[in-house]
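The chain below stands alone, shown as structure tokens; this is the form predicted on its own.
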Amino acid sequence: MTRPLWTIGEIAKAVGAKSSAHPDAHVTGVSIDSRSLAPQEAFIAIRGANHDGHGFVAAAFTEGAACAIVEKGFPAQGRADKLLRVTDTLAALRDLGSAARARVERAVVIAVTGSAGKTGTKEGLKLALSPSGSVHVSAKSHNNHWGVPLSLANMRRGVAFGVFEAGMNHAGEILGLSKLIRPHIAIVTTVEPVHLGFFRSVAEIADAKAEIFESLERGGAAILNRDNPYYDRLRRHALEHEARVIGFGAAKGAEARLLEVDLRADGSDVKADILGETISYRLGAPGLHLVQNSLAVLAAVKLARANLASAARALSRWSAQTGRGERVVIDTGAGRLALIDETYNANPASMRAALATLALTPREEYPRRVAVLGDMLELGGQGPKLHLELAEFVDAAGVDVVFACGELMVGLYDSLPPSRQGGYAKTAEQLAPLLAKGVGAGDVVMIKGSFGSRMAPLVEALQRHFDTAGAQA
């Protein structure tokens, strides 16, 4: 019989709570959201900036929660036997995550951080490691002070590999996450001018990313982008923590080195040297940035003593995700339009990568390239300059028309010749009708901006527009 994820008794012990529930009662998962909670999961009532989870305890029990972790003094509401009372529910979540990490000492645990590419690299690791054993990965982009312990708390005992993201926008955040994850392998995908509103320099961002090395297990490894200008700085940090340093990229001296690549709109064919072993593989999603990160993935596979050949074959199934490069073909009634959804988030590095990937679409298939760009946020005083600098990459990608929105992106838009200005609005919502009228059959349209710029509704608006137009036709 398969052991449950937790029992109520195990949870109570981990978080230091007392419970009158039967200690052997099974718990199938851990949740902090009553809307997505499944029957027999534990609900943890977290106090957040906008919502207090204690207000949703009753809803959690209606959905079939096995128990709820609440603060002392919370009224029983007729469920006293299913309440585990603690002083601080967020601290309890961390304690539960730590307990989960402690009981998988035989697993190889990998942490992924970086200014861009964390989630894609995590998903690539899941694909690559799966042929060699069971893999637990953090859900969605759960990479912050509650996401990491929640992901850990849902890790089953007996897994072979655990893969976790660690994100930040302030110094010190990754330090706490590293203590929870205690990785054997730490990957830093890249260091770029992201969250500059909270740092004085990109070098400080590199130092903050290096916090991931603080709690590396003894004999652990740091996998670093050899092509990034902050490689040496990160390497020094890693060596201070006695890590084995592995570089990845096209640079000479990289232990996971790109030898050859054929970039296409539907993926890439890659030849690489991974820690002394030459291997060729197909990557199922397009973009040089993903090729780079695949080198880090395969280096981690080799260090984890998983099967490298099987891992490389599995990468053919690497696909772009919603908001992170997913490609949709729309029938406009007059022909096809290709839509590239890059709306999850944006920073200078990911914006450059998205523009370069847009350029991979052959003009024989889609003659006109359209970029729809929203503000990149949290860049501090350098924001206007970093937006203007995108003009070089818009040109390099052969973008024919730009639609833009936001107070920062207007600078880039105004710098373009009128022939390449498709339309501008202050907000994405106001841009939607201009975009719908301005694109059509034969266009490949890439939409990207920071999460706070609310670009995702533009994807939905464009799809609705052509669905309606098609129906009328």
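Numbers for residues come from their place in the sequence shown, where the first is 1. If you're wondering where the values come from, they're calculated on a predicted model, not measured in any experiment.
Omitted here: the form predicted in complex with a small molecule. The next part is about that form.
Residue heavy atoms within 4.5 Å of the small molecule in the predicted complex occur in exactly one stretch of 277-285, 238-246, 301-309, 116-124, and that stretch is 116-124. Between the small molecule and the residues Leu129, Ile185, Ile212, Leu290, the one pair within 4.5 Å by heavy atoms in the predicted complex involves Leu290. Proximity to the small molecule in the predicted complex, defined as a heavy atom within 4.5 Å, holds among Ser350, Ser178, Ser138, Thr89 only for Ser350.
In the predicted complex, the small molecule sits within 4.5 Å of a heavy atom belonging to Tyr344.
Proximity of Ser151 to the small molecule in the predicted complex falls outside the 4.5 Å heavy atom cutoff. The closest heavy atom approach of Arg324 to the small molecule in the predicted complex falls within 4.5 Å. In the predicted complex, the small molecule stays beyond 4.5 Å of every heavy atom belonging to Asp375. For the candidate spot formed by Glu10, Ser34 and Arg156, no residue has a non-hydrogen atom within 4.5 angstroms of the small molecule in the predicted complex.
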